[in-house]
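The chain below stands alone and is given in structure tokens; this is the form predicted on its own.
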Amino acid sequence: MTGRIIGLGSYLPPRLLTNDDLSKMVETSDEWITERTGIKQRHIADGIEDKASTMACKAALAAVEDAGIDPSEIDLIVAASTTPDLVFPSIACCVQRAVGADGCACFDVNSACPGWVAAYNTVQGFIESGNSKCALVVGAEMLSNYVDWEDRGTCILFGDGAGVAVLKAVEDHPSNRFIMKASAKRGDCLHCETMKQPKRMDEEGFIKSTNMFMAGREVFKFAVTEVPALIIELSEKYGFDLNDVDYFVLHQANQRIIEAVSKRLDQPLEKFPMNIQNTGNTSSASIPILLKEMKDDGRLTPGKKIVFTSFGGGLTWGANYIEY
């Protein structure tokens, strides 16, 4: 048995923060941001009605409806988030309560931007071992809580949102094909500390460290080198031709990264769908949000061959080859 995606749901908070809005907050411009990132706007949660947990619940309800399943069928929920509003209970438990799947297993994973990929592969492990038949894979982020709104190098990049996939165990479907990696020795270029360390409040530089720090040039070099290498390694490990892939669904971090990966793989940019211009970088939520958009507009149909890959803090990165 292997998990097949049978439903998708997403949620983006209604408030939009455009590049022109940002130009009134920091020294930047629409032209400067668009040229370097491809981003035009991002969705920002209010922190009251919309938080990581509540956005996850809204996306999950949409995914369950899209799948056409009864919540009682769900036996596992795994949620990915780097920016939860609750220490505990887990976001997965919040989702369980919202969708009415009482009694199923619930837990969260934290793998930064590749979190949804990690959650997806975790769920597949449960399904392939016979320990789950129907599961939710959740990615939910409220990155606006962790952004330094005076740092134009990072505040222009990130947005909030959630995406969810429903996986159901099926026969006669290709087994889960994936590779996941990490390189902690390179992790200093992308990190964020928690504010909940009261004994460090007077430590020089501590408050600043609780905002997201990113050495953009280093992260860019990492992504444009390791992501195409990983996709090639994935194709060699599982014996598929990159030319036969219908879509490469990359983590929506930066349009320039996606363009560079397309070039290095010698694959047309048309095979690399993007919505970063409208969402910004939503971390672990970006891939399921994009998959839902592709399903809604007709690009994602049964039988399509998809490679999805993500990269982020850790440093961590991973990729999957699936047939939708």
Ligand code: ACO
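Numbering starts at 1 and follows the sequence shown. All values derive from a computational prediction rather than experimental measurement.
As for the form predicted together with this ligand, it is not shown, yet the points below apply to it.
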Contact segment among 235 to 243, 89 to 97, 147 to 155, 169 to 177, judged by heavy atoms lying within 4.5 Å of this ligand in the predicted complex: 147 to 155
Quick check on this chain: which one of 44, 57, 257, 265 has a heavy atom within 4.5 Å of this ligand in the predicted complex? 257
Just to be sure I understand the contacts: of 109, 219, 127, 76, which is the one whose heavy atoms reach within 4.5 angstroms of this ligand in the predicted complex? 219
Heavy atom to heavy atom, is residue 65 within 4.5 Å of this ligand in the predicted complex? no
Going by a heavy atom distance of 4.5 Å, is residue 11 a contact of this ligand in the predicted complex? no
Would residue 190 count as touching this ligand in the predicted complex under a 4.5 Å heavy atom rule? yes
Hey, in the predicted complex, is residue 32 touching this ligand, heavy atoms inside 4.5 Å? yes
Of the residues spanning 230 to 255, the ones with some heavy atom within 4.5 Å of this ligand in the predicted complex are 251, 253, 254
